[in-house]
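Structure 1 and structure 2 below are the same protein chain in two forms, each given by itself as structure tokens.
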Structure 1
């Protein structure tokens, strides 16, 4: 397998910074791609071992480009996640003052995270979207725009200086990234794991979605993300991207997935992988009756009943 990771480039973006926090990234060649789609296509085509892309952030929610790529096409699997706190710096050519700034740029995803800051500090600046935050910095270097919102780490690369740092409209602004590869055995259970699936309802009826969620709730499984995505069959037709606490080797999770497989039109397993937000010792206690031991004991009891030995 080629020892390279594709990632959403260019170099010098938050994605690269997040990727470099993974120990395994140190032993791989890291190759920037121009889009989430092209990075994931490289994995599907076998050109890269895995791809590292943003999937959720605390301001915009699920990142729809990534979710839509995972929902459709050849199946892929998530193996790792990384959480990165996001704060923007306002990068300018050396000597530029705040009052000189007429145009600002950044990736469109940055806009909701700096909107209030802009309104308060640069109410008349014209926003122009860039292909990435790093590309915005490059365009400032070239003189096309006056200022770019990007990571402070991008300043030196483009010969810019940070006029302002730590810009973020929401406290605790974070982006979640995932390392995505071709389907294989999931990462081993750590005790603080997350399982991602996509669900398609069999038909649309009152209580349909409640019943799907009941497969998790009945087994004491907490949900961490529920993001509806259009199926492409017209307004009101959605599938559901769900992140649930636990690992597919946990009995409660395995049983919930079996339940979903029975009642859904389609279930796509997107992987079980270690959670980046908590360590195993920090995971919330299981609800009574939902541990592996209790599932095993209950299965034994039913088997004995079936055998007349209760």
Structure 2
């Protein structure tokens, strides 16, 4: 396997900045790809050891392009996550004034994060989506658009200047990025972990989603992301992407996954990995019997009953 990480490029993306915060990135060749799909396909094809892509932002939630790529195709697994605070700069060719801007571009995930600023300052500008924020900067450099929303750090890389900086509609906006590789043994439990899965129902029926969520709720497992994605099998057919607190080696998480495997048409395990915020998972105090020790004790009691040692 080549010692390289694929990432959503070109150079100068927030993805690249987030990737370089990983210590292991210093020992890998970092290769930009034109899309999330192509970066993940490079891993599937054995052209890269792992791919680093955005998966969620605090303004709009899950990034559907990434979620859909993890739902479909050959299985992949999340190994790490990184949180990066996001603020945009309006990048233009030197000499451009705000009144000159008729067209703007950026990655689609950027639009909800600058919508109010755009309405207040460039109400008549036409928005066009780019493959990434850095690619939008490249397109401005080439004269295709008048301005791009991107990281201020991308300006010098593309011969642009920042006309405005620190643009964001929501204070403390963050984007979550994940390092994705081929399936393997998950990293060891840290005590501050997250487990990601995709669930498909056997059929559509009243209370179906409640049944899925109940496997987590009865075990005191908090959910951090719940997003439905169409399966492509017709209107109303959805699968569910879920991030839950805890690690697959936790008894309560393992039992929840076993319960889901029994009742779901399909379960895709996307990995157990350290949380970027290093916040220990919380067992809800209102739900007695949900600690890992209590699950282990219950399993030991059943085993003793089976052996006639109760």
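Definition used throughout: the rigid core is the maximal C-alpha set that superposes within 1.5 Å between two forms. Positions refer to the first chain, counted from 1. What you are looking at is a predicted structure, and each value in this text was computed from that prediction instead of being measured.
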In this pair, it is the form predicted in complex with a further copy of the same chain that is given as structure 1
Does residue 145 move appreciably between structures 1 and 2, meaning a CA displacement of 2 Å or more on the superposed rigid core? yes
Core-aligned, does residue 95 move its Cα 2 Å or more between structures 1 and 2?
-> yes
Degrees of rotation of the smaller rigid part against the larger one between structures 1 and 2 total 11
